[in-house]
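Encoded as structure tokens, the following chain is the form predicted on its own, with no partner shown.
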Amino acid sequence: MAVLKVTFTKTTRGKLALVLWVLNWISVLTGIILFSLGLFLKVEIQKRKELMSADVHSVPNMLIATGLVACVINFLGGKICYDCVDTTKFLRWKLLMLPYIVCTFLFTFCILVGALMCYSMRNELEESLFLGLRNAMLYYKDTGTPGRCYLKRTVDLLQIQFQCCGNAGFRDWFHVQWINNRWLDMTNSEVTDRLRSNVEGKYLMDGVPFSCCNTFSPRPCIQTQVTNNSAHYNYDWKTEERNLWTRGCRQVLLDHYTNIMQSIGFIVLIIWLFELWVLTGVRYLQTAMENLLRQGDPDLESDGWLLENSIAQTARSNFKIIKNLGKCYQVDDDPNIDVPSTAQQEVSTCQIPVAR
């Protein structure tokens, strides 16, 4: 029994073909949208690749590839649907219709995968940002080292633009040396004592870079001796954290990218539903046109369906086809495997002794 069978007249078949022709051209535009969204996300990630430890371009690459495929498939689908208005023109596409529908189904499935990847990328991105920001803070002081000299500027711009400080918070700067040794006064006993007190010989202090300063603070920024109340007038560092940005840059960047990916994922889901609708219409058009050809009269009504048999029967038949394809490659099933060749038969005949 056919699944979701619908009967089409000559007029409705023509209207369905024209509507699908228009929808396929709209789908070309949705493919361009997918490509643009993937390109936008790739550029956004590329802007701060120095702050990420791993390659997280799988989602934008998926969207870019899917968008390009969408343009090609839907352009071809528009041509096919337009020719389906005329029965004679449909004959040239008859053999390609089923492979086209299978490819469109796989492409539609890829769109769904791309949408789900947008929502599942958060954990991977968080780990990449955590390690990337940690390394950027460690190399913040290396302004004279090739390959690292740009990290100070990158981190400062990040903290100013996103109003954040450190990896998880401003206290992260207390555990790294962010001042280059060439700016330290080695004749100062306090500096040498700090260097000697650390096992790794680092100059650690309770201070943060200037980019951590909260521009909305009611008092001048306190970026050195942050935890020393006596070093500043009327100051309690536990209650005056508003003097510095309190949010960590990892969480801020994670929220920034999460909002972008959730918005992209929502748009991709809408595109997936639209493509699924177009695919359903193309399947109805294909089955209706094939049944019309069997009848031989282009003016008659014809039935269209999603599946010719039930879902269970279709699954069983497809499984048998796959199973038979596997048997075709088994040598043991060759009926002539034990039959001697003609040359062997002739040799055996010659070896038979002749009676005298």
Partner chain sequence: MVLLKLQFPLQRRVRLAQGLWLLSWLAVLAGAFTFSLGVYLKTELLRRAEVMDNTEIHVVPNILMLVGLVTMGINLFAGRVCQDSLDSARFPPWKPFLLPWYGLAWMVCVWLLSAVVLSYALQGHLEESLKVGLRNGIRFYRDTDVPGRCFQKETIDRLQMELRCCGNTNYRDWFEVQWISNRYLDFTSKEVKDRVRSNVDGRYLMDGVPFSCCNPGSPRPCLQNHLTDNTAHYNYEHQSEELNLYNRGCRQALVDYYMGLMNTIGPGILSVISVQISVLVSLRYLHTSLEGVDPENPEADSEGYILAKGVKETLMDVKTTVFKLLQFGQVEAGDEAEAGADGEKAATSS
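Residue numbers count along the first chain shown, from 1. None of the values given here were measured: they were computed from a predicted structure.
Only in words, not in the display: the form predicted in complex with the partner chain, which the text now covers.
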Within 4.5 Å of the partner chain in the predicted complex, heavy atoms considered, which of 273, 157, 96, 102? 157
Students should find that, of 152, 194, 122, 283, the residue having a non-hydrogen atom no more than 4.5 angstroms from the partner chain in the predicted complex is 152
Partner absent here, but in the predicted complex, which of 110-118, 227-235, 86-94, 247-255 has residues with a heavy atom within 4.5 Å of the partner chain? 227-235
With the cut-off set at 4.5 Å between non-hydrogen atoms, does residue 135 touch the partner chain in the predicted complex? no
Please determine whether residue 220 contacts the partner chain in the predicted complex, using a 4.5 Å cut-off between heavy atoms. yes
Partner contact for residue 185 in the predicted complex: the partner chain, 4.5 angstroms, heavy atom: yes
State yes or no: in the predicted complex, is some non-hydrogen atom of residue 178 no more than 4.5 angstroms from a non-hydrogen atom of the partner chain? yes
Does anything in 191-215 come within 4.5 Å of the partner chain in the predicted complex by heavy atoms, and if so which residues, in order? 210, 213, 214, 215
